[in-house]
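There is one chain below, alone, in structure tokens, taken in the form predicted alone.
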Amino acid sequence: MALNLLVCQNLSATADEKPILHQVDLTIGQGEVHVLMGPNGAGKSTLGHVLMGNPTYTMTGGSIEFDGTDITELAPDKRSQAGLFLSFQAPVEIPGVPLRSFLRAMVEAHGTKVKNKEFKRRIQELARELDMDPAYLDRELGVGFSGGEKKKVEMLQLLLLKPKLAILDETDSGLDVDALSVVSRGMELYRESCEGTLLVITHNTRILEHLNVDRVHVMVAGRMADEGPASLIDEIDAQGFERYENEPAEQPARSIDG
């Protein structure tokens, strides 16, 4: 059995004093792939942001332990340096900042000094792996990028940082088949390069076809409504979330064998 990398207990949170998460429990083992599913507005993205310490949200209860350390009170940058990574549904655009410069600053902010020549070679190799034109590395961060190109940049960041836990928030949103294939390739490379751990947040099952999923969690109305093995994905694909929405607090967690 994998050692626990992330343990959330009774996690509750608000935004503008409005309760959004209610006593959420979540445990993820080192090297595992977990999926967090649920309808739009269920609180899935909020959980990702609370795990990263986003100040937009206020924890009102519970605790977060990461890699054996209580990070409940840690600032977002400290959580990132500890090995947490969160991709965004809508990546930011920063005019005037070349993507290459941003990537270098990001790596050095995590305590890794890089040599110009080696870094240039590395990011060009990764860009090719992700089917990204290396010329994009000299463009302004996110400016004029398509949705698929922005997702490729996120995968590039993931492969450079090699975090202990990558939280991918709706990474498949709005992607065509080709872009989805590239993102899937990025996740595979991440898993291969550092035996990384994944928490994939989605309400769509498309991207999950490319993953060997260990555990599925279902969130409805800010609560964990169900938990089970990968076969739960097929059930949701066939039946949707209606049964959970009708009785969001009554679904028991499933055993490992379903």
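One-based numbering along the sequence shown. These numbers were taken from a predicted model, which means no experiment stands behind them.
From this point on, the text means the form predicted in complex with adenosine-5'-diphosphate, which you will not see here.
Q: Have a look at 231, 193, 204, 56 for me and say which one sits with a heavy atom within 4.5 Å of adenosine-5'-diphosphate in the model of the complex.
A: Checking each option against adenosine-5'-diphosphate in the model of the complex, the one that comes within 4.5 Å is 56.
Q: Select from the listed residues 218, 42, 200, 50 the one whose heavy atoms reach within 4.5 Å of adenosine-5'-diphosphate in the model of the complex.
A: None of the others qualify; the residue that does is 42.
Q: Just one of 204-212, 185-193, 33-41, 59-67 has residues with a heavy atom within 4.5 Å of adenosine-5'-diphosphate in the model of the complex, so point it out.
A: Only one stretch passes the 4.5 Å heavy-atom test: 33-41.
Q: According to a 4.5 angstroms non-hydrogen atom cut-off, is residue 16 in contact with adenosine-5'-diphosphate in the model of the complex?
A: Judged by the heavy-atom cut-off of 4.5 Å, residue 16 is in contact with adenosine-5'-diphosphate in the model of the complex.
Q: Of 113-139, which residues get within 4.5 Å of adenosine-5'-diphosphate in the model of the complex if you count heavy atoms?
A: The stretch does not touch the partner at all.
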